[in-house]
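This document starts with one chain, in the form predicted on its own, laid out as structure tokens.
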Amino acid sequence: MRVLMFGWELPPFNSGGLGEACYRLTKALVAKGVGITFVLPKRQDINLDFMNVIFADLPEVGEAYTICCESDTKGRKPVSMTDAAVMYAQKAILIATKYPHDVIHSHDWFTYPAGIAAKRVSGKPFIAHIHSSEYDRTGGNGANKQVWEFERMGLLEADRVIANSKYMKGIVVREYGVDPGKIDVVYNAVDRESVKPKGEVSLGLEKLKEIGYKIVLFLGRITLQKGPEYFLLAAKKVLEADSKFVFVVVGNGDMYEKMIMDSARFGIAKNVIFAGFLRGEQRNKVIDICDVYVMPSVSEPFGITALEAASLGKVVIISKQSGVSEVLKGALKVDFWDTDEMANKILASLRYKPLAGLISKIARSDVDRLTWEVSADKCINVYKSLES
């Protein structure tokens, strides 16, 4: 089985979970005998030995393009993400003729036009894999109409759709009008070894724990979708009951400055640490050192970070409005808006040690059942269902 796969990021040049999911899934697929040509929109210093990674800015097609947010040295206007997606699709026409394949697999809206273009050239079946939607990213308000239309077009044109949770499948059916019969659910997973800290990285949080502080972690994009404001509201309520807590916010996003100002407005700034974006050993270390991981997302198609925290034995509190809540039974679940309950669960999980131990034990067993090998098997079944 030969797969022509379109993505927009791979580690270490990834801004979030999508690149990590693509990397882990492709590695598991290749281990099962699937040959993958993975296409990225622009040239990067990526050289993986298990699959063929190529770049859409091929010199033989013409002048390379750059996705940027400000004019380049030649004074050309910046390229929007939607314009870049169209350019990517134009490059996909040549790529589909150069690289033999049996199936086309595209990840998220940016790559759907490329997948459709490749299908029209090669005639091979097209799979639209949806990890996150414009509906999720905006909470259903103020959606980018072009992005939404790209998503809708890709999902309707696809021969099969892969959603990363039943929650995501429901959104695809309800918001995009896709036939539920052509949607397969393939859950994400976690590589436990990749999350374990291996170096002697110090973040300065160790001293706080030594003097009795409990560490509560938020890790994700600081955007409306991820619910960081609810994390701070819960933090305020916890600190009113017990001042020996520190709330760590890891990530960047358009709400970053607002969150800093809100922490001051709530009178909790001295108990909140904004660590910015972390990756690699620093990211693993902050998960490992925390006592409780909280994912208060307003709308979360999956939530790999919750699995990562669970794999390290942490108490995990997640919103019910998430895909990961379907598979992580050993987690405390709360509606994202119920900050009273969120605060109560944070306090209870640390005041009652036997409860925390039981929750963590169940969560680790959940993680053991969620492997990328299982996810790869399900994708292969989708590929096989499209064989003529």
Partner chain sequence: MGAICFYFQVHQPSRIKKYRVFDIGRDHVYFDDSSSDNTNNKEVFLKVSKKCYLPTNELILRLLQRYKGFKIAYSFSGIFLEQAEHYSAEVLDSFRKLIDTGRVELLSETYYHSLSFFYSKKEFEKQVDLHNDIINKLFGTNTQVFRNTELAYTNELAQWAENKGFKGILAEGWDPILGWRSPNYVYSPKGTKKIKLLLKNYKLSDDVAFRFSDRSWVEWPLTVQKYASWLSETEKDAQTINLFMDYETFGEHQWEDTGIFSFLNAFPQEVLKNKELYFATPDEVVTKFRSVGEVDVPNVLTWADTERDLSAWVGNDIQNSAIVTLYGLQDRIFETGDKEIISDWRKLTTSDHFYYMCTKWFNDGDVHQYFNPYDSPYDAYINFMNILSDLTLRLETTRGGENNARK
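Residue numbers count along the first chain shown, from 1. Being a predicted model, the structure only gives us computed values, none of them experimental.
Omitted from view is the form predicted in complex with its partner chain, to which the following refers.
- Residues within 4.5 angstroms of its partner chain in the predicted bound form, judged by any non-hydrogen atom, belong to 234-242 and to none of the other stretches in 261-269, 234-242, 83-91, 305-313.
- Within 4.5 Å of its partner chain in the predicted bound form, a heavy atom is found for not a single one of Leu208, Tyr213 and Glu229.
- Looking at Ile359, you'd find a heavy atom of it within 4.5 angstroms of its partner chain in the predicted bound form.
- Taking the partner from the other structure, its partner chain in the predicted bound form has no heavy atom within 4.5 Å of any heavy atom of Gly35.
- Of the heavy atoms in Phe50, none are within 4.5 Å of its partner chain in the predicted bound form.
- Interface membership of Glu341, defined by any non-hydrogen atom within 4.5 Å of its partner chain in the predicted bound form, is confirmed.
- Scanning Leu332, Leu40, Val327, Ala28 against its partner chain in the predicted bound form with a 4.5 Å heavy atom cut-off leaves one residue, Leu332.
- Residues Asp338, Asp340, Glu341, Ala343, Asn344, Lys345, Leu347, Ala348, Arg351, Tyr352, Pro354, Leu355 are the ones in 333-355 with at least one heavy atom within 4.5 Å of its partner chain in the predicted bound form, listed in sequence order.
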